[in-house]
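Below you'll find only one chain, the form predicted alone, shown as structure tokens.
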């Protein structure tokens, strides 16, 4: 199925929103895509006509079977290109999102499959998000929010809750990345900040907001 760049952006946005929200409203999409609700309504009609969406009156929309297939293909391309940019071209993990946003619209399946093979079929992108395989299947991992981890338990950072350049820059400044081993030393009641010990690094204190943006797995 041939889709425009705009249609692909809508499908991907709906995919991400419905992971957390279930059915997606027009206003949620408008806020996510920084556009007007009227424009969203027009696009939803087009995507529904192409049998990509399931619409329930007053309940919002969600991707249908074909819509989900298309969304997973776009997500796969985006995350593979991010992996390539970081692993092969030494981009910083806070530099790749916008570039991958452009590359994800390349339609050649042969190119994407060869890229996947060239990279060794990675399961996760540089931010710890799972990369769908050619069948749309994503690896799963049991992870926890750092703020919920008990003190003295050794964990490993496996993903981040946001890919904003500001967050990733802060994490890089604090020498925290995917694969970093750490443990909570103390939680402060006053502002809910957290003292952590990073493996082979001095003890540091991070904000509650930063702790909530880190997802970890047990070592």
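The structure displayed is predicted, hence computed values, not measured ones. Note that the rigid core is defined as the largest set of C-alphas that superpose within 1.5 Å between two forms. Residue numbers count along the first chain shown, from 1.
The same protein has a further form, the form predicted together with the DNA, not shown here; the description that follows concerns it.
- Checked against the DNA in the predicted bound form, the candidates 183, 48, 193, 26 yield a single residue with a heavy atom inside 4.5 Å, and that residue is 26.
- The contact with the DNA in the predicted bound form, taken as any heavy atom within 4.5 Å, belongs to 43 out of 43, 52, 168, 158.
- Annotated contact segment (heavy atom within 4.5 Å of the DNA in the predicted bound form): 52-60, selected among 52-60, 158-166, 65-73, 173-181.
- Within 4.5 Å of any heavy atom of the DNA in the predicted bound form lies no heavy atom of residue 153.
- The shortest heavy atom separation between residue 32 and the DNA in the predicted bound form exceeds 4.5 Å.
- Contacts with the DNA in the predicted bound form, taken as any heavy atom within 4.5 Å, map to no residue of 68-101.
- A movement of the C-alpha atom of residue 166 falling short of 2 angstroms is seen between the shown form and the other one when the two forms are aligned on their rigid core.
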